[in-house]
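Before any questions on binding or motion, here is one chain by itself as structure tokens, the form predicted on its own.
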Amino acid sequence: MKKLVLPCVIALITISCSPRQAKTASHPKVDSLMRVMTLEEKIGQTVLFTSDWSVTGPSMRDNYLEDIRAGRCGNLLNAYTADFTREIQRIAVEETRLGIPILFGYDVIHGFRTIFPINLGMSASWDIEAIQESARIAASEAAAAGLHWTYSPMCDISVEPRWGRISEGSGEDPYLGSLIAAAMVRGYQGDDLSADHTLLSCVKHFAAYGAPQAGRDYNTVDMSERWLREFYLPPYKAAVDAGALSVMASFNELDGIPAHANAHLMNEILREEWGFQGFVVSDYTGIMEMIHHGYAEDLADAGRLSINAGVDMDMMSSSYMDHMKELVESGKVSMETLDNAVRRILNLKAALGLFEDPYRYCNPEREKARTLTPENKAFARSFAAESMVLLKNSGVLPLRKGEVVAVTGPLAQSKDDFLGSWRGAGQVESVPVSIQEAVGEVTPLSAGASKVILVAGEPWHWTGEAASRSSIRLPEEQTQLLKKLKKEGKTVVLVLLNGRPLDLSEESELADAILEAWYPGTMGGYAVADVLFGDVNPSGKLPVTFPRNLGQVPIYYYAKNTGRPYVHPDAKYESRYLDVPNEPLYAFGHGLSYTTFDYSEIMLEGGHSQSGQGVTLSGDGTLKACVTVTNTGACEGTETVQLYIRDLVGSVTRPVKQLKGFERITLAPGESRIVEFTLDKETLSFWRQDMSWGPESGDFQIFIGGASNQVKKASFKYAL
């Protein structure tokens, strides 16, 4: 993956080779400040409080403006608009001794004012350029409203549909997740962090927050170091490699140690191994919560553990503000440790240009000009349509314009649900229209309409943070309505608004077509209509597996074989269920089109042949895998061609498939195209038995197709 270098940051931030508590060099302005700052003023720069404009956690602080005036708080979240941030910035710059500007942060997750599909929906587009563009637009709108910093991207891989925050991530796959994480960082930060249209990106939640036991938010995470490194860490690293300069610790514990005190994560992996040079911020009251974990004795002890583990900024716990002075004076926290944390934070304020012009992001005219522009809304509409996944189609879609169609269901008239959770500053009254309004010519549900669009799913507040579910089925009344419609002989198109994989086993049997629309954002109603009536040919592919029922969870495409793999349908002593097949209802990578695509057999080129043994890839060489894809239908369509590999025998067991590449292609009816992938030793590398990274000699299989379960197969060997 290409590493993004930010020129403005490289000039400001360097790090010595000394491990663990590396001394961070500073911008000249930062050096001059550090020489005159009191201990209390230094501590203030490590404190992050929320304004009262938005509630994103369990506690608030009423006197945050007085904390800013007193130099006790150097950073603020949940404050936006050019006018409001300008006034707060004025207090920091004009009413404090040193005039250090405030760093303003906000959860700009899938848009700011113009809201795009939820992140899981974005990921279903598999369109890395469009995802980057959505982050660029979000940054432009947010920066114009006085913001400097976004708590995004969320890089948490998850195979847990009960977990509400699966909606905020990119799904189950580390390869796809890594590409998306890097793209979002590039979109937010651009190539100049001091520009007035960019945001500082914050990678979260470090680490493995997406694997909570029982799918319950904030719960314990426990996994092997090997599994952590192979499947959970790659997206975080990709974001850091792309230039992200802040990281947020996660709520969970890992291997018995809360992430907020996990020096192995923050210092050894993040800073020493990956060379991260920015600052680490806690999650909302995450430092205080170590008391409840049973890891810290009290708030002072929690602060000691966190800053010594590498957490530079305290969000909302007040631990650093209330106890850091006594911790430093007692020697429990060294002055060098505190100074390094302060330098990292001030360096980023310098990189953002805040010392040159603290008000550079506070421009009401720019805010108005950049917000919800026609261009932004047009992109939001096309991106929303691109994110939708056609799960099933019995030939009833696309609908014909002008035919009588009824629109019904509990979410048919909803506007609020389009925006999903973590909706930034998006507002329902800005643009959203319901699906019923967007479809236009509709009739009340009656015998006059033979086709019915049933809009169902989850209310938006059923997903996101603190929104775990013990069931992943639709509400029973929705399923009963579908049954009633089918009993009346209706043709039913089920449109889903939801933020997690659902158990659709019953609905999939009943509905004639199913369109997974996720929570599609500001222009979602129009985008659904575009797809239903064929103005847009659906091209989305699932970034996460949809199980047959909750009993299959966790289920994901890169599972491993057991010693008794399920092979024979009638065999008892194999790894199988008695009541359902092992296979999911809808596999990772699945997604239908209004046209069809044919794949040729795989051709391997560039390796060398050994007599009677097929193709061999050697050492540092490359092997090309090619297929010809043909549009065999009657309309233009976009297909995501997916490449998977399997290492048949390794020093540690390997998954049955791993995504290693994909390409989106658009073909006219009858058009063919050769799609080519290049494999090398990096493609085949993994964490070997001795925990070194690299490939091993042996036999491999390669799979190419339109979904993880619909592929062509070929074989080759690798020789070191």
Ligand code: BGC
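The shown structure was predicted, so the numbers you read here are calculated from the model rather than taken from an experiment. We number the residues from 1 along the sequence you see.
Just so it is clear, the following notes concern the form predicted together with beta-D-glucopyranose, a form of the same protein that is not shown.
**Q** Within 4.5 Å, heavy atoms only: does residue 230 come near beta-D-glucopyranose in the predicted bound form?
**A** Contact with beta-D-glucopyranose, no.
**Q** Is there a non-hydrogen atom of residue 458 within 4.5 angstroms of a non-hydrogen atom of beta-D-glucopyranose in the predicted bound form?
**A** Result no; residue 458 lies far from beta-D-glucopyranose in the predicted bound form.
**Q** Does beta-D-glucopyranose get within 4.5 angstroms of any non-hydrogen atom of residue 205 in the predicted bound form?
**A** Looking in the predicted bound form, residue contacts with beta-D-glucopyranose include residue 205, since a heavy atom lies within 4.5 Å.
**Q** Though only this chain appears here, would residue 519 touch beta-D-glucopyranose in the predicted bound form if you measure heavy atom gaps against 4.5 Å?
**A** No - in the predicted bound form, heavy atoms of residue 519 and beta-D-glucopyranose never come within 4.5 Å of each other.
**Q** Specify the contacting stretch among 125 to 133, 538 to 546, 280 to 288, 372 to 380, defined as having any heavy atom within 4.5 Å of beta-D-glucopyranose in the predicted bound form.
**A** Every other range fails; the passing one is 280 to 288.
**Q** Tell me, out of 321, 240, 592, 315, which residue has a non-hydrogen atom within 4.5 angstroms of beta-D-glucopyranose in the predicted bound form.
**A** By the 4.5 Å criterion, the partner-contacting residue is 315.
**Q** Can you pick out, from 251, 526, 80, 276, the residue that has a heavy atom within 4.5 Å of beta-D-glucopyranose in the predicted bound form?
**A** When beta-D-glucopyranose is considered in the predicted bound form, the option within 4.5 Å is 251.
**Q** For the heavy atom contacts within 4.5 Å of beta-D-glucopyranose in the predicted bound form, list the residues of 91 to 123 involved, in sequence order.
**A** Contacts from 91 to 123: just 107.
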